Ligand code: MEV
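Form predicted on its own, single chain, as structure tokens, below.
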């Protein structure tokens, strides 16, 4: 088969945890959703030699000059292998509006976009399950033992529920869900926050197990609200989740300030997202309220605000 020597492009969204942080480590479910307001974009063009250009991480190098296990090199080489075709010399240009190391799935989105762009260059469309498997293999280079949430949400562009040991299930969304995501500007110390929860859980297991059970109830309520299109109910579930995250000690003054600002401006619900201690929060708003909430979050100190909408899914 002759390859089309023309430029091709592929895109992939970010992702964020909607509900269930920390409790998911202890066997409860978590919800994650795609973030279409940011994206990774990969453009593949013919070139004299295989080359990778990623300005956001100051990378401009021949593929062969990257370490053998570099995630970008592995993404390219594994995709050619999956396509069962001779690797062609191409320039892989990566542009992404997804913040790096912010819990928004930047690495997985770049990999998914690379896989799809190279497949398109080869005149192929890989099935989602194969794209997902390739992205997960590269995620292991980034994170060691990832859950698979990031690559799955991003590959399918769909919300999902994940439970440790049970895998994930794609979810239905009945109506558009307006979201506003804001960054505190403070790093989210994931390892420290997870370790702190574990220490407190070991000291008071009954109390923390009850808190994790309550978080699972909030996740179930959020899942049902998505399925029936009840945005106020989704907001109530997120508010409940935030109170429980505060109770287990993973919120912060900066996060609480942003959550309060969103709620005071009419958001249905708001909570931290991710490990806590810093990083991002998210708010669910009325459709007409996104701009006002975004403005309030900036005024309250957010260093970056993303306005996006989770679209409805087609019925299964």
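Numbering follows the first chain given and starts at 1. Basically, rigid core = biggest C-alpha set you can superpose within 1.5 Å across the two forms. As the structure is a prediction and not an experimental result, all values here were calculated from the model.
The form predicted together with this ligand exists for this protein as well; it is not shown, and the discussion that follows is about that form.
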| query | finding |
| --- | --- |
| Contact test in the predicted bound form: residue 146 vs this ligand, heavy atoms, 4.5 Å | yes |
| Any non-hydrogen atom of residue 50 within 4.5 angstroms of this ligand in the predicted bound form | no |
| Interface membership of residue 190, this ligand in the predicted bound form, 4.5 Å heavy atom rule | yes |
| 4.5 Å heavy atom contact, residue 17 to this ligand in the predicted bound form | yes |
| Partner-facing stretch of 50-58, 63-71, 273-281, 252-260, counted where any non-hydrogen atom is within 4.5 angstroms of this ligand in the predicted bound form | 273-281 |
| Answer option from 133, 174, 194, 141, heavy atom within 4.5 Å of this ligand in the predicted bound form | 194 |
| Contact residue in the predicted bound form, chosen from 12, 24, 306, 302 - any heavy atom within 4.5 Å of this ligand | 24 |
| Residue shift check between this form and the one not shown, rigid core fit, residue 160 Cα at least 2 Å | no |
| Core-aligned CA displacement of residue 178 at least 2 Å between this form and the one not shown | no |
| Rigid core superposition, residue 20 Cα moves 2 angstroms or more between this form and the one not shown | no |
